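Just one chain is shown here, as structure tokens, and it is the form predicted alone.
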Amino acid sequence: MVPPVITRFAPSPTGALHLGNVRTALFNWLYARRQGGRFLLRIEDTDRVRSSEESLAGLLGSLRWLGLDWDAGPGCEDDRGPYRQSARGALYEASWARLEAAGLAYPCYCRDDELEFARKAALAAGRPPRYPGTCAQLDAAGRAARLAEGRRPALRFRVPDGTVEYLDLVRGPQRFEGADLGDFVIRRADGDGAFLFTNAVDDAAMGVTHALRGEDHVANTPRQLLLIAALGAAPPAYGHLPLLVGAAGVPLSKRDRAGSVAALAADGILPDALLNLLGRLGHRYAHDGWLDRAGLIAGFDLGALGRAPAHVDPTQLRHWQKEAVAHADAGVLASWVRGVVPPGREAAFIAALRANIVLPEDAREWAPVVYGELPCATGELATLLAGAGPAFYAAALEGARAGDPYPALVARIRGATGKGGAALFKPLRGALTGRLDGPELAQLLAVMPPATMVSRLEAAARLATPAP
């Protein structure tokens, strides 16, 4: 039997979730859902200095906002957990002991300055800057001498000779020489597990079958494959995604507000807009148009993953936001104007403006146009309104007071004045909205209170009435 697909997202709670993280989470989530598998959320919080509960809360909140639910993880534990690395110390200790007992790991007493000197010497000699094996063959006396100097050892994995080969889900066949890797740290001198180690051990222990992650991890993969093999476990199939870059071609980071999920949500970007954008960054869908979540899942294909850096384009984000607004539930959009339009009229207002709004600020901009007090007309607008003439406003007021729907109001003015086209519609729009462009006037008038229409037409009529 083919084992069920298990994917994971394994972020560190050291800052705001950014688009590069989310794209990784999304692709793993989509693949698990497409295959009827499981999606795990593991929190890699072994960096005690930089990790914070605040960042963790923000991370979980952003994933929930996006609707990327997890089958196991924080708040949803199972027998493979716990899903915070800070609570998995016993597993790491047992694995370190096992590797050391088998001669596959050894303590390293080298200081940072010694390692840096060796790195520079290797580079100067044209060799890869790998660990030179200074402590690899130390006997008990040598170790004791270094401990007596007050040195605290890290623990290094002993890389075997030979090659490491694997099939990358994105980049194809990969081959690495063990001699180029060098023995690497799996436990730091402070006793904490190194990323290479804890990440690999947890993937194996949690039964992860597929790990999609950024291409900045390519160099980690051969080392992690060696680790997992040494522990007698099955590795996941790895796929390394192209990095997301901004307009200047610089990779996105947690310090870039424009790429922060929380910041985009605060600006009013809808979750499905972000998912439609990210689903196409480094992945090709057969369908170019709007996809709901079921469509995003059904169309996701590992064979459609690309290798080129994917550019985050604000214009494309705005395009998908417009699509998201067009497809959004009216109740979601009504929340954008709650408190700025009369209670109970939010849904009707949004229905009238939906085609003309992209962000909450757009909807809020039009609320006073429909329901508020307009400033006195000046300049071009005042000239236009005055030029319409008294007969124009007499007819318009007659229709407004009679409760004419928009087509009947237009017909009444045309019949009384003989005007049509711009000569009719521009002054009517200007009188009723204080603007010369905007959404369809029929849509605005459908939600504008009749008393407001009358008072605005009366104000415009005064401009067209000759002074005595």
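Since the structure is predicted, the reported quantities are computational estimates derived from the model, not experimental observations. One rule holds for the numbers: they count along the sequence shown, beginning at 1.
As for the form predicted together with glutamic acid, it is not shown, yet the points below apply to it.
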Glutamic acid contact at Phe195 in the predicted complex, heavy atom, 4.5 Å: yes
Is there a heavy atom of Asn276 no more than 4.5 Å from a heavy atom of glutamic acid in the predicted complex? no
Is there a non-hydrogen atom of Asp404 within 4.5 angstroms of a non-hydrogen atom of glutamic acid in the predicted complex? no
Given that glutamic acid is not shown alongside this chain, does Ser12 nevertheless sit within 4.5 Å of it in the predicted complex, heavy atom to heavy atom? yes
Between the options Arg280, Arg213, Arg345, Arg158, which residue brings a heavy atom to within 4.5 Å of glutamic acid in the predicted complex? Arg213
Going by heavy atom distances of 4.5 angstroms or less, which of Lys120, Arg318, His217, Arg111 would be at the interface with glutamic acid in the predicted complex? His217
Spot the stretch among 195 to 203, 172 to 180, 142 to 150, 294 to 302 with residues whose non-hydrogen atoms come within 4.5 Å of glutamic acid in the predicted complex. 195 to 203
Stretch 24 to 44: residues contacting glutamic acid in the predicted complex, 4.5 Å heavy atom cut-off: Glu44
